[in-house]
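Structure 1 and structure 2 below are the same protein chain in two forms, each given by itself as structure tokens.
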Structure 1
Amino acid sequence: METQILQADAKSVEIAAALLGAGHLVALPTETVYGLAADACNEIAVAKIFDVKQRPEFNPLIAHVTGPEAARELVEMTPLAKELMAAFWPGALTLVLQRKENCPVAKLASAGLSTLAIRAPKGETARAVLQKLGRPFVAPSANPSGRLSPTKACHVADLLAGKIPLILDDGSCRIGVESTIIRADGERPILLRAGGLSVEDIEAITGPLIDGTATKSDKDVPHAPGALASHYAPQAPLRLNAISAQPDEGLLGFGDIEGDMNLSPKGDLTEAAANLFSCLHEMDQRFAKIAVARIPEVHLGRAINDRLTRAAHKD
């Protein structure tokens, strides 16, 4: 299969929506990472995602919608969900809610669970495709399962060229790590995955979150996308909290720890999150082993450390 890479514009958005409507897969940018999209209501198209990514079928997907009105057609809304949507949608927040009995999203997307993960992306290209398609799409990261997430179209091409018909190119993703996932089908919010929306911002609205992020074995069934213990991994082994590189390593620095590359020389966690996967892609091509400087466990540092811990995990 020949893979086209088209600059995101009105014409290419129409092409992408037509391909999705016909049951094909399309890689497209969101504000978090590039996603591999399929018509969420087409069971066969959704199954293609698992095939192309070699993704375990017990690992659920996120359904992307335009906003709360579209979400109401798919899931049971709770007061907590409404509060979070009002505060943070569109944006880097995924909510896990109970599926409606007549929910048209393919059951495969829920991986056998009674819940559905759902978010409204903020990226203009993703929103334009949703509007043209007229129904939700599912879109895990556009990479083979467990590998580094792509934040540029060239990353997708390196990983999936020849396996999908189209990649929409809209430059680098603004946030650079996947969405934060909150279970919101009860009275209290449960953090299932740290991500591009900080825990501190959410807790300012809801009060303290229940921590549901305990790392599980890859043999355990995850209740949220991206929750496998080993995930987001480069080919090279990863060593965390490094002060300096060993003789056989490249060093990915942060702040005052310079390294061969630096996530953010000024120690800015937002900049570091945006650069994380892009830097890891490049380091993976240059070095047989990678050491990474310590990242503070606050704000977007939680999401960065979550991805690094999973990338370094060996089951």
Structure 2
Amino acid sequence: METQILQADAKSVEIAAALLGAGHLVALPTETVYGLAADACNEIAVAKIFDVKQRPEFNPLIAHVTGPEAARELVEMTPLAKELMAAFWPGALTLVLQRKENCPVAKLASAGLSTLAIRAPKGETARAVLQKLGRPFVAPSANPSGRLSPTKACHVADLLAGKIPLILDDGSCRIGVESTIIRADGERPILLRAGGLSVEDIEAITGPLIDGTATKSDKDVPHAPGALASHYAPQAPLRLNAISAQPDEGLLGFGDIEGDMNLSPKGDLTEAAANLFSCLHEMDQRFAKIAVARIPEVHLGRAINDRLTRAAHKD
């Protein structure tokens, strides 16, 4: 795939929004770091992000919105969230809140959690793309896993050229580190990631933050981003690499192994990733036990297997 790099202006913003609307990925600047954006409401587009980032697991993503009104459509507001949005949005603050029942954002973006991370970016280009697109985009930092977050278009090009159709170039990111992440679905704010907005600035509004940046061994605080125990796992016991179902099982198929539901009848791993969490939820409701067909351990299959393996061996 050829990657175009376009200077951010009204025309290129329109092209970016059209590409996103059609399910493609676009790298674009925010005031913190460059993000790799996808239409938040398109499960397949969201799955492509994990493919391009080459993550061996699904980490939840941040949905970017224009402001509190747009956020209200996606998540359950709390007094704490309102206060923080009023003080710091648009800006380098991401809030983790409970998803609304009818939240249109892809389940894969939440990696199966009941929560969604949201942020209203301040960067003009990101805001212009959001306006044109007319709905949220999700955007992790535009680097392959384990590499530094990019703060210039040329960093993104070094990392992702050939993998995405467009990079919008708007020079260096003003802040240069990722947003601060606060869990705000309860009464007290919990710091999940230190970032571009200082803890002191937040505490001036909310009082002391609870430190949630500790690892998963700390049982008293909600788990830090990506920690496995906080992720959705089905209630039903899971059996992997199944060829057929036992009498008391439902079968989640893949490719030729048809099943009661099928992650991707044509055996496409991107489609399977896009369907994973909604299929698991539905299978969990329908069956007391779930058998899952073998998923090849390549590309997005690794992340799918990572999640299935964890769900199968819960403590």
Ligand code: TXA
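Whichever C-alpha set is largest while still superposing within 1.5 Å between the two forms counts as the rigid core. Keep in mind that this is a model prediction, so the values were computed, not measured. Residue positions are counted from 1 along structure 1's sequence.
The form predicted on its own appears here as structure 1; structure 2 is the other form of the chain. When the rigid core is held fixed, the Cα atom of residue 67 travels less than 2 angstroms between structure 1 and structure 2. After superposition on the rigid core, the Cα of residue 51 moves by less than 2 Å between structure 1 and structure 2. Core-superposed comparison between structure 1 and structure 2: the CA of residue 31 stays below a 2 Å shift.
We note a C-alpha movement of 34.6 Å at residue 274 between structure 1 and structure 2, with the rigid core held in register.
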